[in-house]
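Before any questions on binding or motion, here is one chain by itself as structure tokens, the form predicted alone.
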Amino acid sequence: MINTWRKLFSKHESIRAYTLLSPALILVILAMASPLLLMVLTSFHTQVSMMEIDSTLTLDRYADFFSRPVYSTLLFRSIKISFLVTLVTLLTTYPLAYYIAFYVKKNKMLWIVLMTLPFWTSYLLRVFSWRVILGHKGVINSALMFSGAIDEPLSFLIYSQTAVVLTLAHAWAAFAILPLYVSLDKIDKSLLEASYDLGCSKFQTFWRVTFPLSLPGVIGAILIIFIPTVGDYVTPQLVGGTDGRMLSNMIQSLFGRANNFPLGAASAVLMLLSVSFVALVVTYITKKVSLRMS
């Protein structure tokens, strides 16, 4: 019997691979799939009292979500803010990753460590630091008022969507630099030399050779930044104010003070589906652009 199973496993490499991965798969199912399944099941129930949930399955919680414009507004605002965070982060980290990959000849790892050094501190400390920088009496407003450039503090710097975008872009910059640097560093330098030999300028070489070959890193950075920032609720709570509130803040309130677990679960499921759809669309468009440029 044992020999029969050994022969079966030896003939089917995929079965052997799954048996080797089974501990990790079990861990993923228990740690990730089970909570998601529980959240989906909870979204089809009704909160009867503080400690009791009706077991009857219903779609009323999803109807409640779409019947209240505030939820849809917060969802679109969350996607917009995350999109802006992703765009700002890519625009600021891509040149830095490009410089390290092509112009730094020695101690590249030291540069990477220095780039990520500020992110070794607590996330909350960095958010509070941005409150000090962007506050009405913060560093920026104080400097502008001292120089005479403005007569009163700039109100849009703090407790606004601008503050949320800047804080999240800074918080996730390190996670964008790494995939971009890896993708750029793997580019064969002989391709760039061939482009120059064919008469292309530096900009043409970058646009036709370097950027298309770095798109896998760009896609990775987009997904790494966009997906988590949609669900961030700490930063909007601390620096966003009323205008910077996101759907995640509402979900936190539903699971907390409002004590409406089913509606909070339904909101989380819809946000998860929306983010997944947007991520798939962005990935598809980026791949299409990559094929056209190549």
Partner chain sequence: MDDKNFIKINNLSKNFDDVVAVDNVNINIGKGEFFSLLGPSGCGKTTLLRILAGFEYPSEGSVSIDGSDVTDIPANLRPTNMVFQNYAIFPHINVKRNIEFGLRKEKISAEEVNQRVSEALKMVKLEGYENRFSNQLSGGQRQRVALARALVKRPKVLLLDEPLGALDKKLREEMQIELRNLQRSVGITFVFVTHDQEEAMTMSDRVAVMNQGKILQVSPPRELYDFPVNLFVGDFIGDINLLNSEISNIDGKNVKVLINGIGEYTIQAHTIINQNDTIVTGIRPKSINISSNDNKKSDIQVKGKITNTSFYGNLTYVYVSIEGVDKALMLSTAESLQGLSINSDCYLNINLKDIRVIKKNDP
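No experiment lies behind these values; they were computed from the predicted model shown. Positions refer to the first chain, counted from 1.
If you look for the form predicted in complex with the partner chain, you will not find it shown, but the lines that follow are about it.
Colleague: Though the partner chain is not shown, can you say which of 150, 104, 200, 132 has a heavy atom within 4.5 Å of it in the model of the complex?
Modeller: So the residue touching the partner chain in the model of the complex, by this definition, is 200.
Colleague: So which of 213, 173, 222, 100 gets a non-hydrogen atom within 4.5 Å of the partner chain in the model of the complex?
Modeller: The option sitting close enough to the partner is 213.
Colleague: Looking at 108 to 116, 138 to 146, 88 to 96, 184 to 192, which stretch has residues with any non-hydrogen atom within 4.5 Å of the partner chain in the model of the complex?
Modeller: Residues of 184 to 192 come within 4.5 Å of the partner.
Colleague: On the criterion of a non-hydrogen atom at 4.5 angstroms or closer, are 204, 209 and 292 all touching the partner chain in the model of the complex?
Modeller: Yes: 204, 209 and 292 each sit within 4.5 Å of the partner chain in the model of the complex.
Colleague: Mark residue 123 yes when one of its heavy atoms lies within 4.5 Å of a heavy atom of the partner chain in the model of the complex, and no otherwise.
Modeller: No - in the model of the complex, heavy atoms of residue 123 and the partner chain never come within 4.5 Å of each other.
Colleague: With the partner left out here, check for me: in the model of the complex, does some heavy atom of residue 196 sit within 4.5 Å of the partner chain?
Modeller: Residue 196: yes, in contact with the partner chain in the model of the complex.
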